[in-house]
Each structure stands twice: as structure tokens, then as C-alpha cells.
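A single chain comes next, written as C-alpha cells; it is the form predicted alone.
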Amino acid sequence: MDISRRGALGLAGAAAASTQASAITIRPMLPDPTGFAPAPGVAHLKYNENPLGPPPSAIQAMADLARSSWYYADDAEERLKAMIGKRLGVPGAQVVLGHGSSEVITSAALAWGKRGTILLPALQFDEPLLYPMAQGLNYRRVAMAPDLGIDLGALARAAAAPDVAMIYLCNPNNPTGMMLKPADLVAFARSLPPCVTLLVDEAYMELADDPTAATMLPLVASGANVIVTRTFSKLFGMAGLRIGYAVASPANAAELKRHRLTISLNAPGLAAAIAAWDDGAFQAQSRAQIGAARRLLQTAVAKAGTVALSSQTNFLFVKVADANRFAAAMAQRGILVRGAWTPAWPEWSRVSTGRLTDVERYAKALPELVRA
């Protein structure tokens, strides 16, 4: 069971998914002498990591950078910001880099928390708020819709309170994997009082079926009081390198920069991000791998006689008898998944789309353990 870092706050369809993914080249799992990776034989399906790892272009960039890593990487930060801004349609000055997207979300909470209360859905990734909470952040959780979706109506009503400064939500949401309808979210953003900033964490947006149609980046480009955050951890396979960013209006970007927690980002991570940003072949491969594993998981869930929420991410939120007991039973088989997100949702277990061989192990064990 995982109640620590991330817990504080025979299949026809599977065979088809495996066949579709057969053309994808995946590096074999080898013993890791550094101790950073799971031991061979352990299926690590709990933290939404991308098992492809960084693309070869990024690995080469990090190797080339090693001998120059005694320099601070300020110039590389500016280069990456310009690259991101060019693709996303904003000046580089409106891009704020962070030590993962978590840092820019934390920075936003620290900055806007001085102005008032931050609203967030009750069932959502909230780890970036832990430090601001420890500093006395005023926040309120808003109940989910009956289907565990984000209730925009309830958030809109709560946002009418005069003390509200920011709304923080994830789309697609973590841990549910569900995506809000783009038109609904746009209408919600436009309905908010001018003094309320909407922060949309799009960490998983690049894995969605149609990210161009669903992103809130056009609102930022139009000057709306919206901040969008993204990360290199998911699509690009760089969770351990900790590079993320926000895209915001000039005024909001300046406020985020004033509250950034780190002086400078790590040079190897920046080198990898710069190399991977235009590596379209790897990005397509990454989406194909994740899509195949997600379809395999969805088929396995149906075969086991249970349900999972609709997902546009690299994980599923699966209904089981008891998520903590289920995670413990899976761990006995060398398969690591999330236990209950909090005691409020004891029947829901999150599983990531890891390596296909690991996902197949989960699929095989699921029918026996789903009632555990």
C-alpha cells in the first residue's frame, strides 16, 4: 500500500493490444546498479511513469552535457522557454519553468494564497499544495460529481465567495483519469469573476485522444486569467529529471517567477528536455505504447467483471472491493499499484500503464484479486 509520498493528501482484447504494440521497441529491463529503478521482476505500476524512459536523443544530450555541468544553466532555461513558447503560440517570457510542474503549481499556491482562498476538487492530485498548506494556505475542497467527475457547477458557486483567489484543477484529472468537456471548461473559465485565476494542470493532456481540442492554452494566448501547467514527466519519460512549466499571461508569469522555489534548474534535465522537445518519432512511439497498455488494462477490467473510470491518461481508476487490501495482494505477486487515494474512496485503486509485460501480469492477476 502507498500512503507515503503520493498518498498524503486469456484476453482477446489484450492480445489485440499486444499485437498492435508489437512494433514498438522497448529496451529490456536490466538490473540497475544505481538502485534507482525497481528490481527486475517487479511490475511498477503505481506512479504513472513512462516505461520507455527518455528518448535516445535526450540520453545523448545528457551525456554530452556532463562535462559542462559545472556551469549554471540559465541560458539553457531561456532556450527551452523559447522553444516551448514558439510551439504553443506565446512569447517565451510567458513560459515559466519549474522543478517539475509541481514547483510551478506550488509557486502559484504561495503567490495566490496571499490574496485569498484556493479552491480545488475533493478528489485530485494535491501534493504541490502540501508545502503551502504547511505555511497556512487557506483552501477549500469542493465535492465531486456523482460519477467522480469534477463538478464545475459546484466550483462556480464556490468561486462566487469574495475570498476566492484561485481555482486549481487537473484536466485530465489525477487519479480518476477523466477529462472535462472542453466547451464546458472554457465556459466555466469565462464565467469566473475577474479576480479569480484558473490554474489547469495539463500534466496528462499530451496523452489524451485529442489534446489540441481539449487544451486551455488558447485561453492563455487570448489573455484570459488562466494558467496552464505541463510536464516532461509523462509523454517524454523524464519523471526523475524534474522539468515542468507553466504558460501564463505576462502578469501571471511574472508572479510565478517571483515565487519560484529554485534558483536554477538542473542542467541534465534541461539538456534532455531541449533534445526531446522536437523528437516527434519518440513522442509518437510513447503515445502508441501508452495507448496499447491502456487498452489492455481496459479489456482486463471488463474481463474481471469490474469497472474503471473513463481515462485519457496513462492510468486507470479501477473499482475493487478494498483498494488497500487489493494493493497488498498485488504486491505479494510483485505487482505494485496504488492503494486507496484517501479513506474517502476505499474502493478505487489506480494502476499505471507501465511496460506491456507488467500490464499483462496485472491483467492475469486481476480476476482473482479484484474481490480481495
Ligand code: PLP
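Just count from 1 along the sequence shown to find any residue number. Note that the structure is a prediction, hence the values are computed from the model and not measured.
This next part talks about the form predicted in complex with this ligand, which is not shown.
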Classify A203 as contacting or not contacting this ligand in the predicted complex by the rule of any non-hydrogen atom within 4.5 angstroms, answering yes or no. yes
Hey, in the predicted complex, is T197 touching this ligand, heavy atoms inside 4.5 Å? no
Would you classify K234 as touching this ligand in the predicted complex, given a 4.5 Å non-hydrogen atom cut-off? yes
Interface membership of N225, this ligand in the predicted complex, 4.5 Å heavy atom rule: no
Of the listed stretches (139 to 147, 69 to 77, 96 to 104, 83 to 91), which one has a non-hydrogen atom within 4.5 Å of this ligand in the predicted complex? 96 to 104
Given that this ligand is left out here, which of S249, T299, N174, Q285 has a heavy atom within 4.5 Å of it in the predicted complex? N174
If we test each of L256, C170, L265, M166 for a heavy atom within 4.5 Å of this ligand in the predicted complex, the one that passes is C170
Taking this ligand in the predicted complex, which residues of 107 to 137 have any heavy atom within 4.5 Å of it? F125
